[in-house]
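Before any questions on how it binds or moves, here is one chain, the form predicted on its own, in structure tokens.
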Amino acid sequence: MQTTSPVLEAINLTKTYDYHVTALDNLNLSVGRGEIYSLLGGNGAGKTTTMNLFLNFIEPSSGKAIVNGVVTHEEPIKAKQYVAFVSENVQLYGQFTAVQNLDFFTRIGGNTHYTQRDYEQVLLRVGLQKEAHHRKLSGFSKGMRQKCGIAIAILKNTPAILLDEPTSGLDPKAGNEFSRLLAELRDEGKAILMSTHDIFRAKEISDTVGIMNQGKLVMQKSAEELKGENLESLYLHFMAGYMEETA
């Protein structure tokens, strides 16, 4: 649970596109060291826009996204040093093996001290079986590629990790392994912001859960506040209630 200055912080964060389409509307949230924050919401709710603003893939119309004290649109290169990102569809090189992908992406990130054994150990940690370590990714399932992406994020060793639908493509066993891994990373002091459709996983692992709809954060509750609550019912309640208010 957050006890120090936030590593990730959105302050009145807003993104408006042409024709007055507001993708994100005055978002305020923070994620501290050793905290997992899960964002729930349907497609188009603003979750991916939030991630893109923290990564400076797009610039805000107003407000600020801050990573480890750095405003992302003011110092984008510096901000990127403090955050690792795993997308829903991990883009890696199909003709490289798992180990070769890890070596390539860690080296272009400036980390040149890792050995092959380091790569193999982190791949085992994320649940990729040993026999797959030296196979080309062109034959990997989506879930196996996802594990490689998570391994690269771990090797970057940043204080913040952004995860966009990280359990997409994972079977139940791999999903449970992923929850265990997230708990380990939290215990190591990582600040983790995760967008997900997985309500069960969000309640199981998160310190804070937020629900987004039409670019607004319509609910935010701590794990303590969610004890004894049915998160699925809460989700449907807040989504329906917000739509009624804006109808």
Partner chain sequence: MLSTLIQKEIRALLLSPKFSLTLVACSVLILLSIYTGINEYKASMRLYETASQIESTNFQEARNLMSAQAMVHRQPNPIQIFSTGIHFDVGRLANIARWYDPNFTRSIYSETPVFALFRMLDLSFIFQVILTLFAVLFTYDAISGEKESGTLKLTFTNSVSRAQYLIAKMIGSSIGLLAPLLIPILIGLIMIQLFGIHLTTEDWLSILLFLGSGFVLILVFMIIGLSISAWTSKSSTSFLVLLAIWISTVMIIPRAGVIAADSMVNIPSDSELASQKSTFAAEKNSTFSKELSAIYAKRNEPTQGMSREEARAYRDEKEWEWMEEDDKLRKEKDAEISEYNTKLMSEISNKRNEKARLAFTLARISPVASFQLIAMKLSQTDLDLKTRYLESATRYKTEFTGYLEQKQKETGDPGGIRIEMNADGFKFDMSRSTGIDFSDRPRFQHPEVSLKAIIPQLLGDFSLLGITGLLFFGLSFIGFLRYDMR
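Please read these numbers as outputs of a predicted model, since none were measured by experiment. Residue numbers count along the first chain shown, from 1.
Absent from the display: the form predicted together with the partner chain. The rest refers to it.
Only one of 193-201, 174-182, 24-32, 49-57 places residue heavy atoms within 4.5 angstroms of the partner chain in the predicted complex, namely 49-57. For residue 152, a non-hydrogen atom is located within 4.5 Å of the partner chain in the predicted complex, even though that partner is not displayed. Using a 4.5 angstroms limit between non-hydrogen atoms, residue 159 is distant from the partner chain in the predicted complex.
For the chain shown alone, residue 134 is not a contact residue for the partner chain in the predicted complex, no non-hydrogen atom being within 4.5 angstroms. The partner chain is not shown here, but in the predicted complex it comes within 4.5 Å of a heavy atom of residue 83.
Taking the partner chain as it sits in the predicted complex, the stretch 198-222 never comes within 4.5 angstroms of it through any non-hydrogen atom.
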